[in-house]
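Below, in structure tokens: the form predicted alone, a single chain.
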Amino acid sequence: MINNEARKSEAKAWFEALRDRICNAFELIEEEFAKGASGDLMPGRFERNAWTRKAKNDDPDSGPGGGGVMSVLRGNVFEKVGVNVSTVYGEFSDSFRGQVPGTKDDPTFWASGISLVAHMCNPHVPAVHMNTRHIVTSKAWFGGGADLTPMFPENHHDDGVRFHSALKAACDRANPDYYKRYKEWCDEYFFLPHRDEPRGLGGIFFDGLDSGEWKADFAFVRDVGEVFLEIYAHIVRGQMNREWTDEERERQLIRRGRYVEFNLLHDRGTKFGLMTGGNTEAILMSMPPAVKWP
């Protein structure tokens, strides 16, 4: 007999543990940069804020619940990086019911996941997004992915190759068909149709992952988190000490506008969070701290 409660607890614990490791790794990068810089820099530190999901009509007995923790760092390498974990449960509204697998006849759900978006001070350090999640309705599945968004894609071929190679290795360890499928899915998903252009250099994107082997699926999701942390930290260290110009900063701010456009117009996670009563600030954590449109 499937013990969904044990699986939920295991998945939630992993997302929280991965969050802690990522935060520690990014703070270490901030320390390394501050030590190597001229002047007296204070390395950035994460600030954590817990939030609780409001029950329907503010009635604690109405069922919906859960919450999460926002972890946000504003520093000298990371202009703004958020690493959020949330676990929410309840019932989908009538307007959302049926749009998620397994909710046509039963609107109850449980969802837990980690979501990360990093916007960098140095225009030569690519922005990045990563998330993995576990959702349980009358069905259960995993989803997630990671994608790299350099401000100057033409100059970041090697970073793109390293990023994709790391994700491909994780995919290949789970299933030799995953990388091709999930890379194409990412390319299709992270695309701005109103501009006819991709958001960045891509990565992988997957949803509805339920192979029938929960442990294998969960192992793949953990592997995605592991390789993401290793390769992105490597990319940041390789670029963070490069000099940049005011013109390059201007281009960075304009490129960030594409990020805003995608997340507000097309991102499924944004829509899911808002329609399930999530914390608005946590959902919109992905927004860059400064942005321009030409």
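If you're wondering where the values come from, they're calculated on a predicted model, not measured in any experiment. Quick note: we count residues from 1 along the sequence shown, nothing fancier.
What follows is about the form predicted together with another copy of the chain, which we do not show.
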(message) Residue-level question: is Glu226 within 4.5 Å of another copy of the chain in the predicted bound form, judged on heavy atoms?
(response) no
(request) Answer for Ala6 alone: is it within 4.5 Å of another copy of the chain in the predicted bound form, judged on heavy atom distances? (result) no
(request) Tell me, yes or no, whether Arg195 is in contact with another copy of the chain in the predicted bound form, where a contact means a heavy atom of each within 4.5 Å. (result) yes
(message) in the predicted bound form, is there a heavy atom of another copy of the chain that lies within 4.5 Å of any heavy atom of Lys80, even though the partner is absent here?
(response) yes
(request) Tell me the stretch among 237-245, 26-34, 42-50, 263-271 that has any heavy atom within 4.5 angstroms of another copy of the chain in the predicted bound form. (result) 263-271
(request) Name the residue from Arg162, Arg97, Arg74, Lys168 that puts a heavy atom within 4.5 Å of another copy of the chain in the predicted bound form. (result) Arg74
(request) Taking only heavy atoms into account, state which residues of 228-254 are within 4.5 Å of another copy of the chain in the predicted bound form, ordered by sequence. (result) none
